[in-house]
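In the form predicted alone, a lone chain appears below as structure tokens.
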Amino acid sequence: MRVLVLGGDGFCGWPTALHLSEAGAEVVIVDNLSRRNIDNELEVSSLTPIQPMRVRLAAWREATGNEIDYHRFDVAQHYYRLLSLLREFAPDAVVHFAEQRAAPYSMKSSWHKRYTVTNNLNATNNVLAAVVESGLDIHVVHLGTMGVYGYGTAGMKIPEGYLRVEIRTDDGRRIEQEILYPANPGSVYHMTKTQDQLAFAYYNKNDKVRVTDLHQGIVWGTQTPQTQRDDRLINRFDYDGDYGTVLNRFLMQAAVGYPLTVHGTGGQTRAFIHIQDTVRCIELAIENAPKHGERVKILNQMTETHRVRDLAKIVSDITGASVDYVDNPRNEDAENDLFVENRQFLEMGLEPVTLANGLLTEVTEIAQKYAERCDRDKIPARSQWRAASVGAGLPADADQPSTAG
């Protein structure tokens, strides 16, 4: 099995590349190190120290004897380099992580909105167009988001991608069909993921590209068995207001004696998945590729749902941290319910890593170990969803974005 991992230096991409390599796949990574450049822009680093790619790959080779090849270029801009690599490597699957992944970052300013749209949509279209032009039978596995659905479910379970609807014709007939579940993005980032869905549907219909689109919940945790093998392999731990995911932020805040920042009432219900399950789900998706002629396979990649205030209470009970309710920078309902179908991964054999005190302690220990690297000024979430903030927080060289890929 040959697998090309686009965005293989990132929070999900790096542990996925290692997991697939250890499982026996021949893995090649493409990344232009955009996430590292965004660290420079935001003037905040991963809580865990991330080694240069050369060091990371050498450490993996020393630990396992496995080689992972690496190419540095921008998937959103360097189309012909991508096409040439597809033809040379001839992968069985392309795992597509090469998108700007943070909703708050996408809402920081008009520049960040435009960058997110340009980067994400061009990257996805380039991947699909290159697969078609290569003439190869390549399975595209894309990491999407539960956020394409929105969060108002009216008590029903969100199905896996498709919604059965009934249409009444003028002559009284009833016609049933399945459509993509109506999109309801909550940020510019989520909007790009809804557009990805349409691109996949089109290329699947027109060019018979085999696609699996994974609608993933919020990822928590940091380490996988592979990244734990050597300190040089350690995964990212983002805690800042733009890239830090809510549970990891809570655990880090508790570790450094900072009140847990709950936005609004904390009544937002979100879907979650541990990073160990993320990499396993990618492997399962590759192993269970759609058949030729089959429509886009959509899987809900999550294992449990929780209200934010309930998560804060769990962390507070374990650590003794105080809880601070702050204004919500997002434009969203104060309270919502979320019921999600995830049967397909369970039927494939996924055994979920659910929220447990032992795992929370493990993440907290990492946060404590590297607490001196925390910049407390970067903890608050300052990216605002409403128009009053547009134009704030522009990078120094706004007309020459250096963080695409």
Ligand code: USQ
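Just count from 1 along the sequence shown to find any residue number. Treat the numbers as computed from the prediction; the structure is a model and nothing was measured.
We do not show the form predicted together with the named molecule, though everything after this point is about it.
From the list 132 to 140, 176 to 184, 257 to 265, 226 to 234, the contact stretch for the named molecule in the predicted bound form under a 4.5 Å heavy atom rule is 257 to 265. Put simply, R330 is close to the named molecule in the predicted bound form: some heavy atom of it is within 4.5 Å.
The named molecule is not shown here, and in the predicted bound form it never comes within 4.5 Å of any heavy atom of W111. In the predicted bound form, the named molecule sits beyond 4.5 Å of every heavy atom of V279. A residue is said to contact a partner when one of its heavy atoms sits within 4.5 Å of a partner heavy atom; I218 meets this definition for the named molecule in the predicted bound form.
Contact annotation: of the candidates M146, I158, A321, A285, the single residue with a non-hydrogen atom within 4.5 angstroms of the named molecule in the predicted bound form is M146. This chain appears without its partner; in the predicted bound form, the one residue of T245, T305, Q195, S316 with a heavy atom within 4.5 Å of the named molecule is T245.
Shown without its partner, the chain has no residue in segment 333 to 351 with a non-hydrogen atom within 4.5 angstroms of the named molecule in the predicted bound form.
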